[in-house]
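Take a look at this single chain, the form predicted on its own, given in structure tokens.
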Amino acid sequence: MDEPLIARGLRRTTLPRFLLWLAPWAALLALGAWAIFLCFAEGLNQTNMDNRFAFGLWIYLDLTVIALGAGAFFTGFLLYVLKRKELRAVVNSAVVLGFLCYSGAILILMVDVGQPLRAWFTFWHPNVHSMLTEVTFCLTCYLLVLAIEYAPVVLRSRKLRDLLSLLVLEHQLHKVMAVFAAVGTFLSFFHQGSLGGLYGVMNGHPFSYRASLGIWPSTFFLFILSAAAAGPSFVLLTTWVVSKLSRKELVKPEVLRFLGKVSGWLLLVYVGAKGVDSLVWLNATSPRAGVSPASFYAYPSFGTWILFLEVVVLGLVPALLLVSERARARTGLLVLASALACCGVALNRFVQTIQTQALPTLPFDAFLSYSPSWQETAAFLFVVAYGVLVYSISFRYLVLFPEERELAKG
């Protein structure tokens, strides 16, 4: 029998099977909630971070999900501003992914700061000389933009469409969505860049410090490029995974190939810029600071292999696959290349967050080791479970892929 909350024309699994799918994620969510409670109740002594290793698993999570969530702003930009109509098939899903990534990032930041009741201090007493102030403002504003973009998807649900006032609201929001897409692109551009710029201005950490291009360090532009490149790949990868799990064709193959093409060319530009940046840093910036570049790769776990893995295996290789029309025509290669691109940006954020903090900043400093506590890991998994749960419920009861009905009939 047709479940009354599921959109007309769509078929979903039975409710018992759906609840069985949600059960382990709900358990993971509960474990993470307990860990978060401990951090709030007992303090940040529940973590393995300290004054010298101030960035850990949580900041790595924030940087990674924010980069992957860039698919929301870039897909919206391509659809509403550049008028690439084929992306209408995935824009709803991209918005949900972006909302989940950004809300999860802000949630874990509240745990990381440890004083959520004082979050308003950032807005009332901003440090105008800090990049993090700009990041905070942009993240908050863009999350609001994503919530507004998410609203029409919810308002088009089967039950809410019966309320005339909400139907009118949804129609009016749809007419101004191009404005929100443009605003979201502007906000994302600056907070993605400022997150990278934060590491580039850390002159006490020569591993991440970079010379300025204009008024920003080169990491400002590299973070923007890598996020814009990985975002479409994450949308592509998520769409493919959901299609396999639901055993339904959700979009036409041409849509996935277009996402792969966009991601590939942006990734190729990023790899070129990253290569130039690395050469300048190795041959000029680092020696000028009085540090031998070889010393950065002389410690356990962080050999030169990690740079090769990031730039070549998880950068150049997927870029070449994605720009190749023949490779994109093969779904297996398309999905593999997208997965490699997402892993590449995740590794880059790991290097910037963990390796930068672990390496000595002064000749007499020791190499720092760090492993997250179970509370940090559980809070990390809380965000993952939260994302899976909300996306699963959205997929079941909302129309995330408008072409699904037509493809099912065909």
Partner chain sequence: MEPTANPRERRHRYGMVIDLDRCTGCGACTVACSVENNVPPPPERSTERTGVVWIRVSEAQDPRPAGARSVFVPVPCQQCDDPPCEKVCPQRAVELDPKTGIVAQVAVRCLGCRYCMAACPYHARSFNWFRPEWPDGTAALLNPDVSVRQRGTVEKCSFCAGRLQAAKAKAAAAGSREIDPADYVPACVEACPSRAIVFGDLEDPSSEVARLARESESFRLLPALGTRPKVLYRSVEPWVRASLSQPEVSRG
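Note that the structure is predicted; figures quoted are calculated from it, not measured. The term rigid core refers to the most C-alpha atoms you can superpose between the two forms while keeping them within 1.5 Å. Positions refer to the first chain, counted from 1.
The protein also exists as the form predicted in complex with the partner chain; that form is not presented, and the subsequent description refers to it.
**Student:** Which of these stretches, 381-389, 338-346, 65-73, 32-40, has heavy atoms within 4.5 Å of the partner chain in the predicted bound form?
**Tutor:** In the other structure, the partner sits against 32-40.
**Student:** For the partner chain, considered in the predicted bound form: do all three of Gly98, Leu307 and Thr377 come within 4.5 Å of it, counting heavy atoms only?
**Tutor:** Not a single residue of the candidate spot has a heavy atom within 4.5 Å of the partner chain in the predicted bound form.
**Student:** Might Met49 be said to contact the partner chain in the predicted bound form, defining contact as any heavy atom within 4.5 Å?
**Tutor:** Because a heavy atom of Met49 falls inside 4.5 Å of the partner chain in the predicted bound form, the answer is yes.
**Student:** Considering only heavy atoms, tell me if Thr361 and the partner chain come within 4.5 Å of each other in the predicted bound form.
**Tutor:** Yes, contact at 4.5 Å.
**Student:** Using a 4.5 angstroms cut-off on non-hydrogen atoms, would Met202 count as touching the partner chain in the predicted bound form?
**Tutor:** Met202 belongs to the contact set for the partner chain.
**Student:** Can you check whether Leu282 is within 4.5 Å of the partner chain in the predicted bound form, heavy atom basis?
**Tutor:** No, no contact at 4.5 Å.
**Student:** Of the residues Gly315, Pro232, Gly197, Gly264, which one places a heavy atom within 4.5 Å of the partner chain in the predicted bound form?
**Tutor:** By the 4.5 Å criterion, the partner-contacting residue is Gly197.
**Student:** Scan Thr133, Ser243, Ser324, Ser278 and let me know which has any heavy atom within 4.5 Å of the partner chain in the predicted bound form.
**Tutor:** In short, Thr133.
**Student:** Taking the partner chain in the predicted bound form, which residues along 92-129 bring a heavy atom to within 4.5 Å of it?
**Tutor:** Asp112, Val113, Gly114, Gln115, Arg118, Ala119, Phe121, Thr122, His125, Pro126, Asn127, His129 sit within 4.5 Å of the partner.
**Student:** Return yes or no for Asn127: a CA shift of at least 2 Å between this form and the one not shown, with the rigid core superposed?
**Tutor:** Comparing forms between this form and the one not shown, the Asn127 CA shifts at least 2 Å.
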